[in-house]
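There is one chain below, alone, in structure tokens, taken in the form predicted alone.
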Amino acid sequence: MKKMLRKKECVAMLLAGGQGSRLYALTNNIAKPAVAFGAKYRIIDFPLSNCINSGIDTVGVLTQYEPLELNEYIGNGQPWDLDRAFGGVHILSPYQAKKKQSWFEGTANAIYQNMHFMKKYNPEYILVLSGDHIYKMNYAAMLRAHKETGADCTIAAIEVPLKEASRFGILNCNPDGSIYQFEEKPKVPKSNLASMGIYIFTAEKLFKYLEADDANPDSSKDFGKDVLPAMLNAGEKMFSYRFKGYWKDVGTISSLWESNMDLLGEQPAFDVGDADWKIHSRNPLAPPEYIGAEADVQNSMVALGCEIEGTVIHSVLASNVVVEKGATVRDAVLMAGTVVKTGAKVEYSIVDENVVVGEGAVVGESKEKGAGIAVLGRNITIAAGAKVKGGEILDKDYKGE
């Protein structure tokens, strides 16, 4: 009697090794997917939650840059129901093999180096994801479309403003959605249909092209620049899968601030409170938030453990933030453990974890002044009375000029 191999229909590979250099002080010591978002989440919560909500329970998380905090956060995967005896979430760090050095050389090489992990589950399909996007997406629906078209590769795509299209990989498609051309960040884009960096491959085809790519000394080992064009040039069936919902690449200070603000209002642009598509996270142990009798809190998101005696308007506050009497926070994102002392003012800013803004200090300027978003890195102190101008980025204690 032939032994039945245990298998998973689809394995997800989540690229989470990004350095996030355009987030400056916010990623000095942590990988971009571990950056805090929306009062109680981290960026990686979104693709992980999408996986489990889509019925995909086997996820490899590929880390490289400053992985410690991300690894600790994911742990055994229990908050996302990914603590499985067969499958579940696995942290896949670079390692040194016998044949050669180990650092991931590009997105395709990172997946290639972990082929043994994928093959262990004998999958029919591989889902490749990026760890630095904010969105809710049913990957199961995309997988159904992949099967229906008989595609070798399906690329999730979203329409972007034509003036921004040169920042993305652009898909040029026939009316049936089949892709006839893929252009990586073209100077003169022919369409505004942008790749979201989300791919479903038929596993056997992906393995074949990854092996060929690894053997090519001229390749930059990247999906957008190398593997996808190689598949297209070889005549493989490639289709786009159009996504209509909210999606944001939070790789810059402005996009991170904007996406946090998109959570606010009576009808937010992005709703994290949707009971039908829960976003799971590893929540800190903290008491309930406390709002003082004289506090003024308007149109804001406030996490557990916060103590607010001052004014908070149109802002997002993570756990254990303290806003003392007479302090004002407006149009700002404050991450966990930050303290805004009496009489201090924080406006149009992103403040990382465990920052102390001293008494009477001023951080940032009114959004209307157009000076840009002020950014404070984690664990720093802004001295009493100091002024941090709009657009300034600080990662060390600041006593003022």
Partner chain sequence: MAHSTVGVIFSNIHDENISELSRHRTMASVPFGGRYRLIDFALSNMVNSGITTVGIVTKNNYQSLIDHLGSGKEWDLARKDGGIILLPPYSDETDKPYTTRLEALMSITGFLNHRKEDYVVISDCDGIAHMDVADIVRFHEEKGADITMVYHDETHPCESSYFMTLEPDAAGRVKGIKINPKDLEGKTYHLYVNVMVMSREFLISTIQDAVTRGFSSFGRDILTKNVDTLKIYGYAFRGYYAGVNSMTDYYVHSMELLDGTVRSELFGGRDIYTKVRDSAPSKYLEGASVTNSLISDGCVVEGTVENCILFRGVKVGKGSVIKNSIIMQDTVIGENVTLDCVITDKNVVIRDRRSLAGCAELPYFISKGRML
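Numbering follows the first chain given and starts at 1. Note that the structure is predicted; figures quoted are calculated from it, not measured.
There is also a form predicted together with its partner chain; it is not shown, and the following applies to it.
Residue-level contacts in the model of the complex: of G224, P79, G177, P189, one residue has a heavy atom within 4.5 Å of its partner chain, and it is P79. For the candidate set A234, I91, A295, A141, a heavy atom within 4.5 Å of its partner chain in the model of the complex is found for exactly one residue, namely A295.
Considering its partner chain in the model of the complex, the lone stretch of 33-41, 369-377, 350-358, 336-344 in range is 33-41 [heavy atom distance within 4.5 Å].
For D276, no non-hydrogen atom is located within 4.5 Å of its partner chain in the model of the complex, even though that partner is not displayed.
Proximity of P288 to its partner chain in the model of the complex: non-hydrogen atoms within 4.5 Å are present. Heavy atoms of E266 reach within 4.5 Å of its partner chain in the model of the complex, making it an interface residue.
Taking the partner from the other structure, its partner chain in the model of the complex has a heavy atom within 4.5 Å of a heavy atom of S281. Across the proposed site, L15, S21 and E72 without exception lack any heavy atom within 4.5 Å of its partner chain in the model of the complex.
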